[in-house]
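Coming up is one lone chain in structure tokens, specifically the form predicted alone.
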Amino acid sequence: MAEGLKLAAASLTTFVALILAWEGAILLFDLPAYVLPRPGAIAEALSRGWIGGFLWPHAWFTLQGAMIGFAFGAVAGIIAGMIVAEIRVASLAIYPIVIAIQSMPTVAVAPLIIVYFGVGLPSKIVTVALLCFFPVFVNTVAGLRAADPRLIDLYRAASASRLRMFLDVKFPGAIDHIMSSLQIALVLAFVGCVVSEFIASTAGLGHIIKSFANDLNVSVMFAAILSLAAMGAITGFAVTLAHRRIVFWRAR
């Protein structure tokens, strides 16, 4: 309880200091609103967007694309990582292809995905899934291959099956790697969704940022950006909490 209060007090102090520095920079350098709006104008835009209901459908669209794509990419990364880590032939056949695909910039691939899947939600899900797949895949492989060799030798001496070694030794040892990769993938999920919305979309917070950029309405752009930050922080905290609960003996 005391630790939580200290964290809240420190966060509040940092927030107040940031707002004061923001206001001071505007007054000191006489910055126009289209360069850096006042915090009050951004608060008003947030109020109009959330209380007025303007931002709700766009935030829901972005959240759907990010979370569904994250789920597909994470599950596919874990399954592919298991196959590559356990089957040498699959490692030789799949790993180079995955590296080659991941080397292609998302900005270059996203327009092609939109051509195939349209400007709606499916293209956002595919883009996000591709981004989330790689970190989960790599960490799953690394975690499974980092299993304690002494435990592996012990199970082999007891004539345990490969499935039993996998379930008792390798997978439990890899959970920490996998959960850490999910936190990275979650950040990439929102990045991928917003990038896809920038390129072509009729909804989403990325679409809002791009649309209001044309009108130089920076207050609404900041409101959408802060909304994205809040969504990312909340979902990221949920994954971190799950990490601590699942890998309670190692996570901090």
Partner chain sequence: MQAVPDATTPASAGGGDAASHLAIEGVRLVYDTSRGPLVALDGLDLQVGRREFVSVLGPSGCGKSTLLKLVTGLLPPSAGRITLAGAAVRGPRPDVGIVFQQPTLLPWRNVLNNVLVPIRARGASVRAHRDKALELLKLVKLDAFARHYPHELSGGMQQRVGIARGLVHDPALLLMDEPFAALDAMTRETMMDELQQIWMSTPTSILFITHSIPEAVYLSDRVAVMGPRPGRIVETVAVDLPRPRGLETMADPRFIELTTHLRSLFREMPEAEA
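All figures in this text were calculated on a predicted structure; none of them were measured in a lab. Positions refer to the first chain, counted from 1.
This next part talks about the form predicted in complex with its partner chain, which is not shown.
*Among 85 to 93, 165 to 173, 113 to 121, 69 to 77, the region lying within 4.5 Å of its partner chain in the predicted bound form by heavy atom distance*: Going by heavy atoms within 4.5 Å, the stretch is 165 to 173.
*Contact between residue 134 and its partner chain in the predicted bound form at 4.5 Å, heavy atoms?*
It does not: once its partner chain is placed as it appears in the predicted bound form, residue 134 has no heavy atom within 4.5 Å of it.
*Does residue 159 reach its partner chain in the predicted bound form if we count a contact as any heavy atom within 4.5 Å?*
Yes, contact at 4.5 Å.
*With the partner left out of view, is residue 142 within 4.5 angstroms of its partner chain in the predicted bound form by any non-hydrogen atom?*
Residue-level check for residue 142: no, no contact with its partner chain.
*asked:* So in the predicted bound form, is its partner chain close enough to residue 151 to count as touching (4.5 Å, heavy atoms)?
replied: Residue 151: contacts its partner chain in the predicted bound form.
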